[in-house]
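Encoded as structure tokens, the following chain is the form predicted on its own, with no partner shown.
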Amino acid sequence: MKLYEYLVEGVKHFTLIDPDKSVDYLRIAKHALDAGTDGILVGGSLGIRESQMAQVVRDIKTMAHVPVVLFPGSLTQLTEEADGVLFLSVLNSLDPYFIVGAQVQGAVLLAKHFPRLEAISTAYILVGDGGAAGFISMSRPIPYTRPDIAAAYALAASYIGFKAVYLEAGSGAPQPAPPEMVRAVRKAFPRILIVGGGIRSGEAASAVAREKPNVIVTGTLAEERPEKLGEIVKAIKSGL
């Protein structure tokens, strides 16, 4: 099954692992897999070499029975060891480099060196605090009180032709995107909707799951308290 077809079916949980933050990434991956996660995203930090990324993905795939997908924070984080890549464009960045500049360079790299990687074109929309991603990408995060603006960005992503929208509150966000914002974006965008950032409890995960995104991502929780991933996955599956 193609990655796109896998992602578009139902509501899934993905665990985000940043090798630059998590030295013991295999322990996190084991917790996630035992908890029933549906996939693993790898990447996110700026301090990862291509060779390191390849090794991390290779290691995780020795135990994973689910897709391992790249979530690249820079052009050095591409490897054909993965099952696919979220080809990100930060729609609400104030710097054109993060909207299309890095993507032009990345497209050439994918075509020349990683042709087997399935690329999922993804509109990355930062909301709330925005976290480190918002700061690095020089973005203007959308306030939680303006789901209409988030929906407008998602609608633009739909008309442009993106395969996915990633609604991101940022790593370590104090709270996730509110249900009404997820609902508005879901209504505006008919394809893959990914929601991440600030989801730290089963209650929060269940509230997001009820709005029917395709993927709910937990990252900081996986780093700090991987034993709680089971609670998150159970809440997503039972909250539908």
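Counting begins at 1, following the sequence as shown. Please read these numbers as outputs of a predicted model, since none were measured by experiment.
What follows is about the form predicted in complex with a small molecule, which we do not show.
With the small molecule omitted here, the record of contacts in the model of the complex names 194-202 of 28-36, 194-202, 62-70, 179-187, defined by a heavy atom within 4.5 Å. Interface membership of T220, defined by any non-hydrogen atom within 4.5 Å of the small molecule in the model of the complex, is confirmed. In the model of the complex, the small molecule lies farther than 4.5 Å from every heavy atom of S206. Taking non-hydrogen atoms only, L16 approaches the small molecule to within 4.5 angstroms in the model of the complex.
Within this chain, S171 lines the site of the small molecule in the model of the complex, having a heavy atom no more than 4.5 Å away.
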